[in-house]
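Listed next as structure tokens is one chain, alone, in the form predicted on its own.
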């Protein structure tokens, strides 16, 4: 709960709405204890007094009644009716939605067609019809407002429940012998409650407005009882001559509704699990840059070179050093493999190249990324936008998530081309078909009209590769593009990438967990751990004579065909948290060769053998090993 309030407090508008609502609610709760005049006492001799005129702080109305007293009592009543109406509508609507979504079939059709009938009427007219049938009165207005909002809750909750009712944990509950009511109470309802809370927080303001509207028309609270709507209704005849009698209750309605809506937006964002790791604001178009150290210079003729790159995540006062000083380079026609455990910083390094790390919370705090000698860190957004997908392209791990589900693959390929090059639609379509053929998609002329869900995982990944190749890039960054594929499709994708880089002279940075992929595709390998490169060198040298204990332990986890029976030893312990990195070697706590010197000072990435560097003061001895 404390985490929720901390996250809510980061949204300043929501925090302001919360403060205002707390003040209004406290004031309404304290109203019976305050020394206020009787809100219903008529004093026509003192009618239409201005604020601060006489004993009435906010003046009097057309009957001489104290406006401050009526305002506070009316606010108390309007809040009570609004919150009760929201609770009733949410309870009944959620119940209807859960039952319809959980049981489905005929039950769902019957219930939801009834809901659709209610939604067919304009909700204000339906509320007026209900009040007309029941008669004027605050309770009848509450019933009307609750009734017209039930379909809203029912539809929202039904949609969420349909997605939950067929999940594996619900099937497991059924198999365990649990009844429907118990499954709904223990499995479905806890997953639906956040949606209900969000729906209430975003609609209670409208319910207060609807109740005030009915009272304004004389269908809600009846004289002499005051609520904000009836106060506005009684003051409308004096709007020109005595506008303060209308402005005061109108301003209170505005304050309450604005505060509730701002708070509701904040509650919605704070309960959204996708936003809990970052700020509630929209990410910036490029990663924020805050470099304080001198900018390193490009030291070689590489096409793409990373120099002492530092990328951090600033979350809730904590600093996560995801990339802690990475030096990498890749030349035309070369494939560089980056390997390491999950959380070692591989993907963040790749995303930092073109400023794609989400900010907030990501920040590039040091180093440089040189493309053809131009530093991309801190470059203008237009420069990055021009290079993204044109000169430097990405292939991501999950094409199902990166391809838009509502557009055909042809439309997406055509867009990728026309964003960077002024081609006609027909010419771009022909180019898209050629791209699909180049990645060996059969019947490309027909497949170009397919949607992503109509393709297999391997075909979608080929489309992702085609999109990366759409503008003849010079660098491709492939972030584990074969992880989710079966071995036959994986082999085809790797062979395709290898052929394309040799034909077109592409420079490829290939991120993977698989040493087999490294052996097949990569010319050089960089091993990452805790945000830093711990070993780098030619692929054959790394695979045959791994120098860093971490690299050797990673390779020991890989089974070898034809190697006889040998034990697959897992690396003990877990990688360190990148917000708690100490001095010295980050692998020290998991290394069986650790010495006091390993924790004494920073260990540089130093040359060990020709072309091979290692960040270790006790490297593994050279011993030839068979390459898997």
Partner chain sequence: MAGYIIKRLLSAIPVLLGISIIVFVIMAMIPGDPATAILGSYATPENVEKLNRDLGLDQPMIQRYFIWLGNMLHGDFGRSFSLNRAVLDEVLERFNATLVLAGTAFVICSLLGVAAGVISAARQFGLADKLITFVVLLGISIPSFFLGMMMILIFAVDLRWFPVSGMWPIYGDRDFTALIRHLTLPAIALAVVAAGVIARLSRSAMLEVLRQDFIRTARAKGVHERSVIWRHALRAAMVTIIPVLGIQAGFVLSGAVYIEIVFQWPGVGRMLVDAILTRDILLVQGGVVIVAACYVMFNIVVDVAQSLLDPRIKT
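Owing to the predicted nature of the structure, the values given are computational and were not obtained by experimental measurement. Take the two forms, superpose them, and find the largest set of C-alpha atoms that agree within 1.5 Å; that set is the rigid core. Residue numbers count along the first chain shown, from 1.
There is another form of the same protein, the form predicted in complex with its partner chain; it is not shown, and what comes next is about it.
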> Since exactly one of 294, 122, 442, 223 fits, which has a heavy atom within 4.5 Å of its partner chain in the predicted bound form?
Replying inline: 122
>> Which residue, 136, 333, 194, 159, is the contact with its partner chain in the predicted bound form, using a 4.5 Å heavy atom cutoff?
In response: 136
>> Given that its partner chain is not shown alongside this chain, does residue 130 nevertheless sit within 4.5 Å of it in the predicted bound form, heavy atom to heavy atom?
In response: yes
> Given that the partner is absent here, does residue 530 sit within 4.5 Å of its partner chain in the predicted bound form, heavy atoms only?
Replying inline: no
> Do residue 402 and its partner chain share at least one heavy atom pair within 4.5 Å in the predicted bound form?
Replying inline: yes
>> Taking its partner chain as it sits in the predicted bound form, is residue 265 in contact with it (heavy atom to heavy atom, 4.5 Å or less)?
In response: yes
>> Each of 514, 576 and 588 within 4.5 Å of its partner chain in the predicted bound form, by any heavy atom, yes or no?
In response: no
> Heavy atoms within 4.5 Å of its partner chain in the predicted bound form: which of the stretches 492-500, 518-526, 323-331, 449-457 has them?
Replying inline: 449-457
>> Heavy atom within 4.5 Å of its partner chain in the predicted bound form: which residues of 394-432 meet that condition, in order?
In response: 394, 396, 401, 402, 403, 404, 405, 406, 407, 412, 415, 416, 419, 420
> Cα of residue 116 displaced 2 Å or more between this form and the one not shown, core superposed?
Replying inline: yes
> Can a Cα shift of no less than 2 Å be assigned to residue 223 between this form and the one not shown, given superposition on the rigid core?
Replying inline: yes
> When you overlay the rigid core, is the Cα of residue 240 off by 2 Å or more between this form and the one not shown?
Replying inline: yes
